[in-house]
Each structure stands twice: as structure tokens, then as C-alpha cells.
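What follows is a single chain, given as C-alpha cells, in the form predicted alone.
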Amino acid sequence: MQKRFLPDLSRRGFLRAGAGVAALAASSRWSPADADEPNVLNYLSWPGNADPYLVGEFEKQNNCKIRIKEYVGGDQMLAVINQSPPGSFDVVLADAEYMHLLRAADYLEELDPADYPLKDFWPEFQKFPLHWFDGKLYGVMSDFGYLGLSYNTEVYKPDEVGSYEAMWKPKAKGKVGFFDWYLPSMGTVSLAAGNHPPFDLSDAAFAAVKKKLFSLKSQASGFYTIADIFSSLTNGQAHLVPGIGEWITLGLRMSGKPLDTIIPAEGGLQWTESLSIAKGTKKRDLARKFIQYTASPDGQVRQATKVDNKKSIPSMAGWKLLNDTMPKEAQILRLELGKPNVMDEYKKGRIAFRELPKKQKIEDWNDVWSEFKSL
């Protein structure tokens, strides 16, 4: 990999990249007419994943174009794929906790593990449990990160936010912001209540989480979309936000904002993004090549260093290439080999998977979240 891939970490570079993504979104947007185009890979994904930095080399190597249908949130992703004719999409990027729903609805192709460089991955991720069903593989991890407690470093010192209990302190009154998604927000409150894993709760434990969550209402500054989280942390409306992580605060910190994220003593959540081949695709070979490319060392480095959304990556070969070519970024991202790194929290058992509720219905958790907001 050449130095030209080194991202500009300045604020100007950050904002310029954002503008570039907006322009990209307009030029690479998916339409149903693209589904049958032989040289178009139809990609259902979170926003930003058709950035030329990520996919330009793949398009060049395979003489194709990637068209992206963007969604925000797993429920919206399920709605889009449920309402689209078979063959509309070739590749789906999903949060790992939604994969069993996609697989149960027969939306995913079974993958051959031999097709993908899984042996290059950290051992913990070579047979990632949320990707395998009945011994069969349906997804390949593209990236991951941890969710904990993000905080304003001018207001809090690290030892003050070493526990989620900081959110209940008088100092936090009116300054606790919430990502308006029940899963990460209630998941961290469940961790704060001592539940590990946080989503496998008896009804009694679930009732206790509800009571603990509701006790935070007087501390809340608001409920935010992703874009609003950036602004609320930046303008000081919120000093603490549970259930988000470095994927938001690292970019802001690089632009000079006094923000950081900590994994409190009660633990954190792992978010995981996974690539799968959509059932009904007529371009299975191209879809397989795209997943192979993303899992390759070069593709993994690009995933890690995308300027507006930096991530951890599962491939040890990707880590090695990053350390060899971008040592500064490897240090910033805590992806250094042979030094303290992001795998330490994982190996110490401090990280739980972000999963869908095990014993209650999704609607039960959503109803509690809605009731909390309306208190």
C-alpha cells in the first residue's frame, strides 16, 4: 500500500471528506434499474460504504460500479430487503445481531468458508458465533468497535467516568445525552445494572433494567440521531453519552474537540458489521469477490482508516499492513501488534456482543424505550 492512502486527520480534511461523501452518495445511489446491470454490484448498506476510498480499487480491478442503497438502523434494513424483489441486491452489510433474522427469512446465501481469508483473522473472530448457523457460514466480519461511555474531557477526568454510575451523579444532571436507539442505550444501562451478557435477561432482570433506565430521565439532555450526537457533544449540550464509542469521538477528537470514550468497569458492547451475499443475486461471483476484497489486508486497512468513520478490523494481516504502512494510524486506532491494543478488553471478557433481546420480544424493549422518552 502506498502513502497516498494516508488520511488527512485535520478538521479541514475531516469536513472535506464529509462533503466528498455527500457528493459520492448522489453519484453512486442505487435504483431498481441497476439490479440487472451485469457490471453493477447492488449494495445494501449503512451510509458511506461506497466511498471511493473503500471501493474504488475494487471497481477498477473488476471493471464494475457499486451502487448503494443506504439505510439507517437494522429495522430499516429489514424493511428495505423485505419490500424489494429477489435479486434487487447482491451484497448486504448488516449489523451482526440482525443476521439470524436475515437468515431465518431466507435472505442470505450460505458461504463457503474456504473462499474467504478467515485464517488471517484474530482467532476470536475466525468462527464468530453471530455469523454461523447450524455449522454453516452466512457472513464475514468487515469491521467492529466497542460502545461504552463517551464524555467531555474538559468536564470529566477518566477516573470520574470509570463506572456508568457517573450518569446518575448530580454533576451529570441534564447533561446525559442518549443515542435514540434502544439497543445500545438500554444495553449499556443493562451492563450498569450488572447484567453480563446484557441482553439475556429474565423478566425480573428486565424489570430492574427498566427501573434503572427510568431513574435516568431527570439526567437526560435529549435523545439524538447520529448527526445530533455529533452536535450535542460538540456544543456541550451533552457531557456524557452511553452506548456510542470511538467511531464518533475519535474523529471529533482529531478535529480538536475535548471528547473521549471509555469502557467502564461494568463493560462495553461490541458492534460488528458483516458482509453477506443476498439470496437471488445473479452476480454471485462478483459479490464473493467484493467480500474477499474487503477481507483482504488492503481492504481491511481502508476500512480502518476511512477518514470520517475509523474502525477496528478483524484481520491480523490487515493489522500488519497498517502497522507497516501507517504506524501513526495504528497507534491512534489501538491496532498495534505487540503492544496494548483493542483486543485486550475483548480477551479480558469486558466486552459483550450487541445482540437482540434473548428472552423478551424486540417490541418489549422498544416499548420501554418509548415510555422512557415520554416520561
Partner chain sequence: MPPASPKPPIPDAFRPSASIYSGSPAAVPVALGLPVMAWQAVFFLAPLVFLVVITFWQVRSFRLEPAFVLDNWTRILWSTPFHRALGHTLQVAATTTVLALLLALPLAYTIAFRLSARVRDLAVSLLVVPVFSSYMLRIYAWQVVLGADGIANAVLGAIGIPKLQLLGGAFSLQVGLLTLTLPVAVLILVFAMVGVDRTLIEAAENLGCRRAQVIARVLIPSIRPAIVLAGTTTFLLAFGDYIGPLFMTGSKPPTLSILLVDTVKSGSQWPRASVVGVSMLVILVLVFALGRLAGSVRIRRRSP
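Residue numbers count along the first chain shown, from 1. The shown structure was predicted, so the numbers you read here are calculated from the model rather than taken from an experiment.
The next section is about a form of this same protein that is not shown, the form predicted together with the partner chain.
Proximity to the partner chain in the predicted bound form, taken as a non-hydrogen atom within 4.5 angstroms, holds for one residue of Y71, Y224, Y293, F121, which is Y224.
When you look in the predicted bound form, the only residue of A220, L108, I248, I262 with a non-hydrogen atom within 4.5 Å of the partner chain is A220. When contacts are defined as a non-hydrogen atom within 4.5 Å, none of D51, L321 and N323 contacts the partner chain in the predicted bound form. Look at 195-203, 174-182, 263-271, 281-289: in the predicted bound form, residues with non-hydrogen atoms within 4.5 angstroms of the partner chain sit in 174-182. Interface residue remark: L101 is counted as part of the site for the partner chain in the predicted bound form, having a heavy atom within 4.5 Å. Among heavy atoms of L130, none comes within 4.5 Å of the partner chain in the predicted bound form. Although the partner is absent here, G162 sits far enough away that none of its heavy atoms falls within 4.5 Å of the partner chain in the predicted bound form. In the predicted bound form, none of the heavy atoms of A207 sits within 4.5 Å of a heavy atom of the partner chain. Contacts between 70-102 and the partner chain, taken as any heavy atom within 4.5 Å in the predicted bound form, involve D75, L78, A79, N82, Q83, L101.
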